[in-house]
Ligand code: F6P
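Next up is one chain by itself, shown in structure tokens, the form predicted alone.
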Amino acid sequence: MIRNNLKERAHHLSDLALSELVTTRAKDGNPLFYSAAGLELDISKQRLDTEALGSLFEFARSREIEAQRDRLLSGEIVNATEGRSALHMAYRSGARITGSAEADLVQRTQAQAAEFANQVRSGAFQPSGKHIGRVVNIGIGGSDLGPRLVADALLEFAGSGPEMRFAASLDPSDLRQALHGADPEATLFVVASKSFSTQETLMSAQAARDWLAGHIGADRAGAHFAAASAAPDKASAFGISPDLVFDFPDWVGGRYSVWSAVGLSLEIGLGPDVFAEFRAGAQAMDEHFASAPLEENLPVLKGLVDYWNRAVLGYPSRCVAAYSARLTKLADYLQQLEMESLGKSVTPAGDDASGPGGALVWGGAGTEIQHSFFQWLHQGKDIAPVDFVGIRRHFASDDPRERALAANMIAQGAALLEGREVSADQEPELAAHKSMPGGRPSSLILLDDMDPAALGALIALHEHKVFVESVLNEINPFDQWGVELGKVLTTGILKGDTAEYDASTRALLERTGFYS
């Protein structure tokens, strides 16, 4: 019944121009701006009115969103298919699980990681007699995208820390690029793999070890490795000292893991103090999510808006446009976080889910993307809501480039909203080409500044809003069985066990000489 109310409200609003709706809301004193933890969320350009928002809150409460949130935050099992809690937030603050074995593990791991990071940065850790000048993170999925995003965003805070590089792909050129110009005696590898059996990560780690062995000898190569893993025996068998294997427990999902030992390369490159500020920003968002009323709760509001656009209005994708070169990897990170979490079609009980799951997420960094796919956003036949992400400080900056960057971001949102109508009387041959329909929704997320705390809050906002959407869609956001299928099939191909594979796949393997 409540979902029908949402559909009815959406049908009513479809008869109104989006720009008219925005104007009416402003006159009514309901601007739809919200702020918390150093962020502002502006949803004033969404196709929403007070009644639609009210119905969304009613729907969220019918799904028991507050009780579900409390279950997540208190450490109850919320990953039903794997029988696990989701305790990644414990690495921001263990207060909610103080006294538990998990809290002890978190505190121990954080202390060990900070101590090791300080040793590397100070030069006390010199496995081959040289100060470490480069740390290379080897991981894939969340064990790569999370650290890579944070490294890009916070590079200006790194001080005198080692250079940070990343290798994720099985393509040998990826590791070669990460090692270009590196001094083997001054290079440290961090292998991030919970199981220490992920094919891509282990093959790249072995290639890195071979590279080291070729330069400094096989007997010394292992001393240049640390690991984040839940399988210390396997890491030790690889040759990594047990003292340099940092716990990465199974109750931390890969795409939620940057706060844990998976962030070791960041803690080394940026320093423990910067990494602590990053965690503190996320903790501030955690506390806001835990205590703020739904009507003022940023993760809830963001989740409701994204659900409204996907499940009610039927928009299949969402564009993330980050107007900061330091957030170039944001769309990639959110793509994995959201699509791996919300790309589901069954409930935890195995029934058909009531909602469509999450949207396809894509995007890039402005202003470059204005000269790429923004043409499609403005005049294409499909509509994709846009999330603009910007920096408040840019609006009043003394640097004209930063002010121009902010102006471009605001102008694009206005253009998507208003469009443009060119009269055929003025330009009879080009009027249709120069006109734009407008009426295309967008949201704006403003960070007070591009600093560690604001970045932490931004990532935590999206983690929590993914959980909100999962509750609304009645799906489990913490498993990823679709990823597992590809791994199984790859193993079969490598072993030559393809008798049960489809004819097209077998023909491809034969045609390309895979087994010759």
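For clarity, every value in this text was computed on a predicted model and none was experimentally measured. We number the residues from 1 along the sequence you see.
The same protein also has a form predicted in complex with the named molecule, omitted here; what follows describes it.
Heavy atoms, 4.5 Å, the named molecule in the predicted complex: which of 213 to 221, 148 to 156, 335 to 343, 399 to 407 makes the cut? Say which one.
Among the listed stretches, the partner-contacting one is 335 to 343.
Listed residue that, although the named molecule is not shown, lies within 4.5 Å of it in the predicted complex (heavy atoms), from S265, S260, N297, S143:
Flagged contact: S143.
Heavy atom within 4.5 Å of the named molecule in the predicted complex - the one residue of K329, K194, K302, R92 that qualifies:
Going through each option in turn, the one that passes is K194.
How about K27: is it within 4.5 Å of the named molecule in the predicted complex, going by heavy atoms?
Answer no; every heavy atom of K27 is more than 4.5 Å from the named molecule in the predicted complex.
Look up in the predicted complex whether K487 has a non-hydrogen atom within 4.5 angstroms of the named molecule, and give yes or no.
Yes.
Does any part of Q480 reach within 4.5 Å of the named molecule in the predicted complex? Heavy atoms only, please.
Residue-level check for Q480: yes, a contact with the named molecule.
Find out whether any non-hydrogen atom of G254 is located within 4.5 angstroms of the named molecule in the predicted complex, and reply yes or no.
Yes, G254 sits close enough to the named molecule in the predicted complex that at least one of its heavy atoms falls within 4.5 Å.
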